[in-house]
Structures are given as structure tokens and as C-alpha cells.
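The chain below stands alone and is given as C-alpha cells, in the form predicted on its own.
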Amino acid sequence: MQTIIHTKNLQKNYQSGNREVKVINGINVEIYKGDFTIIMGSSGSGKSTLLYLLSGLEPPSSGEIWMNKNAIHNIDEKTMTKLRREVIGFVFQDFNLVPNLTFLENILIPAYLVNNDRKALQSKAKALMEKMGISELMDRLPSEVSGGEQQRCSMARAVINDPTIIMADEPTGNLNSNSSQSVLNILSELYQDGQSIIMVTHDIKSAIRGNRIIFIRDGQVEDDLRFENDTPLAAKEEQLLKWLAGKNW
């Protein structure tokens, strides 16, 4: 398996009054190309913080993060922004769409920053909207559509630059069950097409879409579960529930 991200003794501390709190405490982890990696753990375990560190959205307190051959733990913000724009597609729980731009314009923002061929990019964005089932919402503002439709727009924006990896932080956390299912189906399709994905979730139905589970407790990787290829979702759910029960989750 090809490693696309790895960390060495990764640490992230926050100041809480006069006390320093270790949120990520010496994590060594490898992320592999073509995997749909799920990060799980109880509230406060550090799972979202780990994702933000891996994406370069937050700097570590100490330790190393390598994305392919790039040492992202010590590069300047300008270089990191360019790398993130070209290599990572990020899907946020709260969508993070620009409120006064249309769906089409929101999707095109990151694309225009790396490619000047506006005609080709518009065609690509429209094709992505078709794939995400939101082509009829091209000229709508985020406030005019549902949360599920906003998240699908966010996902189209995340993939328009053909990123090496998609990172998603609780992407179904603000959605109802039907919208969640649509979003998870799209992520599953992307994974089946060969896209590498890391997703933070606390939801079992979301987690079983992955092929690998990383379990975090108190800022450390406690265990790692990999599903056999072509395991049905129902069997994965049963296996995952049993695995998590053994961890008193």
C-alpha cells in the first residue's frame, strides 16, 4: 500500500487558563492511497483536531506530518495554502459556502485559483453538479436550498481540482437521514472510483462506508480495524459494533 500521509510523534496542545491541555498526544499514523479511512472516537478524543492537523488547517505543537514528500509541519502558510488547494479537498460539517455566491460560483472558487481555463472549468463544474444531483440549483444561493443540497455543493467544490485526498469532518452531522444517505452514497462512489478519503464521524452508518477505522482515545491511536474487500454493509456494521463494544465506546 502506498502511504500518502504519515505522522511522527504528532502533538497538539491548547492553553486552557493556566493549564496546557494535550489534545493530540504522540500520534504516529499512516494514511494509504485508495483507502476510505474513518477516524472515530468519543467526544473530546481529538479526532477532528487530528483531521485539521493532517490537512494543514492547524499547525502541530510538535512532531511531523508528511504529505507524500512534503513536510507540512514546518512550511510557511503561503506554500501550505497552495498545497492544500491543489492536493486536498475539504468538506466541512457546516458547509462553509460563501453566502452571496451561487452554487456554481461556490464550486468554481478553488478551481479559478489553480486554472485559468474558465470555459473548461465551468463545464467541469456543471458535470460535477449533475453527478451530485444539484444541476438544477446552479443559480441558487446557499440560503435558498436545503442542508443536504448545500453539502453536495460543498462536495463538488472539494473535488473540482482532482485532489489527492478528500477530508471530511462530520459531513452528515447537520443533515437529516435522507440527506445523509445521499451524501454517503456520493462519498462511496468517489471511493469506488479510486478517491482517497479521510472522514471523521461518530455515526455507525457513516463509518461503515469506509474500509479502515482508526480509533482514537485521549489524543492517541488506540486501535485500527480494516474490513475485508466487498464486505456487505450489514456485516460491516455488526463487526464494527462488536469491535467498538470491546472498547467501551
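Being a predicted model, the structure only gives us computed values, none of them experimental. Residues carry their position along the shown sequence, with the first being 1.
Beyond the structure shown, there is the form predicted together with a small molecule, which is absent from this document and is the topic of what follows.
Student: Counting any non-hydrogen atom inside 4.5 Å, which residue from 206, 45, 211, 196 sits next to the small molecule in the model of the complex?
Tutor: Spelling it out, the residue with a heavy atom inside the cut-off is 45.
Student: Looking at 188, 220, 61, 49, which has any heavy atom no more than 4.5 Å from the small molecule in the model of the complex?
Tutor: Contact check passes for 49.
Student: Within a 4.5 Å heavy atom cut-off, is residue 23 in contact with the small molecule in the model of the complex?
Tutor: Although the small molecule is absent here, residue 23 would touch it in the model of the complex, with heavy atoms inside 4.5 Å.
Student: Given that the partner is absent here, state which listed stretch (220-228, 176-184, 62-70, 35-43) has heavy atoms within 4.5 Å of the small molecule in the model of the complex.
Tutor: That would be 35-43.
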